[in-house]
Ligand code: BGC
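First comes one chain, alone, set out as structure tokens in the form predicted on its own.
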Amino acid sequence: MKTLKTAAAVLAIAATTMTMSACGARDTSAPASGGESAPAEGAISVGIAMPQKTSQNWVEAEDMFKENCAEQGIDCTIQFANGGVAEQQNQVSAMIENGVQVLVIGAIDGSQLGTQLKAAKDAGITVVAYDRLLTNTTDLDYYIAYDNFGVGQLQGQALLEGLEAKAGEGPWDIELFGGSPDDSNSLKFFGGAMDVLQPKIDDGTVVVKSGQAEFTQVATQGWLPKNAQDRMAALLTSTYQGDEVPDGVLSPNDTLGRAIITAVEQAGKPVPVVTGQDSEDESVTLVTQGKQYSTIFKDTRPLVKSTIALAIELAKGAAEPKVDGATLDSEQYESMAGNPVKSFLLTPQIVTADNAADVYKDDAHRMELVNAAK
């Protein structure tokens, strides 16, 4: 077992409150359950249903959607469902009743909207899953996201590279964390990571010392940092004695990565190699400083822009829409067994201290964080 250099304490993620806003040609101030005015006659109407604001990328998406809708002159309503699944179901139903032409849905639980999606289908509304796949339904037309299996592969690759660079010679002890089981992306992230890590586990290069290597054992309900921090603290108590720590930890996103680091530091132990995802502000700083080994950059700007462009094409009746900068995959993602969904996939990037300035060079905000952290 190797000991890594101690890192500074990490701030916990701040909670955000629920907001509901509109963009484009009108303002909606009605309750989330409905009561909105009808779209302007002749305008393209898009309803955008988003989940809780559990990470920075969801918060950023709100303003980006509003700006893109306004620039394109389309009638666009965006709502977040911080109250949970039932609230999102009501919001989607209200958008259908209000006569949107295209529904863009970032689901809280992608398996719980079957009734609403059938109603959309019956009403002739095109449905696009945004960032998170909708499941348990055949009433889904398109999916647009970063390649989530590819994200997991990059996380597994980053973990191995970090172990080689920071943890000395192997074999290396690692621990695994997964996302929330109600998020369809979580299995994709974990599956991609294990696609890279499992051969190294099989040949003994890395060892999951706790023995907890199944998704059901490592999932983090609700993507809540407290759940990840508590589990990491328990692993340190049960599996790592004295100053021992795992050499590396697979974290599926930045929020959980920071929670894992916090648990290690609160135990008074040196921080291992920790992965992440989303390029959240705090983690951009930590990665630049070398305290969190890596994150993944999934630039929200092209994802939102491409989503609105796709929605406009669909509203105009395009039979074979195209998305610039995305790869069309018609096999990998299924909304249910035997029902593949046409998926437009953007390409994510690994970020470490070595390449942060290059990856973020076109993102003024993150470049400011990188420069300040040096």
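Everything quoted here is computed from the prediction, not taken from an experiment. Numbering starts at 1 and follows the sequence shown.
Heads up, the form predicted together with beta-D-glucopyranose isn't pictured, but that's what we're talking about next.
- Scanning N68, S343, S55, Q349 against beta-D-glucopyranose in the model of the complex with a 4.5 Å heavy atom cut-off leaves one residue, S55.
- Just one of K188, K200, R132, K291 comes within 4.5 Å of beta-D-glucopyranose in the model of the complex, counting any heavy atom, and that one is R132.
- Stretch-level contact analysis of 156-164, 85-93, 177-185, 134-142 against beta-D-glucopyranose in the model of the complex, using heavy atoms and a 4.5 Å limit, identifies 177-185.
- For a residue to qualify, one of its non-hydrogen atoms must sit within 4.5 Å of beta-D-glucopyranose in the model of the complex; none of W172, D247 and K269 qualifies.
- In the model of the complex, beta-D-glucopyranose sits beyond 4.5 Å of every heavy atom of F149.
- Taking non-hydrogen atoms only, Q277 approaches beta-D-glucopyranose to within 4.5 angstroms in the model of the complex.
- Contact check for K209: every heavy atom lies farther than 4.5 Å from beta-D-glucopyranose in the model of the complex.
- Residue contact with beta-D-glucopyranose in the model of the complex: K298 places a heavy atom within 4.5 Å of it.
- Along 102-122, not one residue places a heavy atom within 4.5 Å of beta-D-glucopyranose in the model of the complex.
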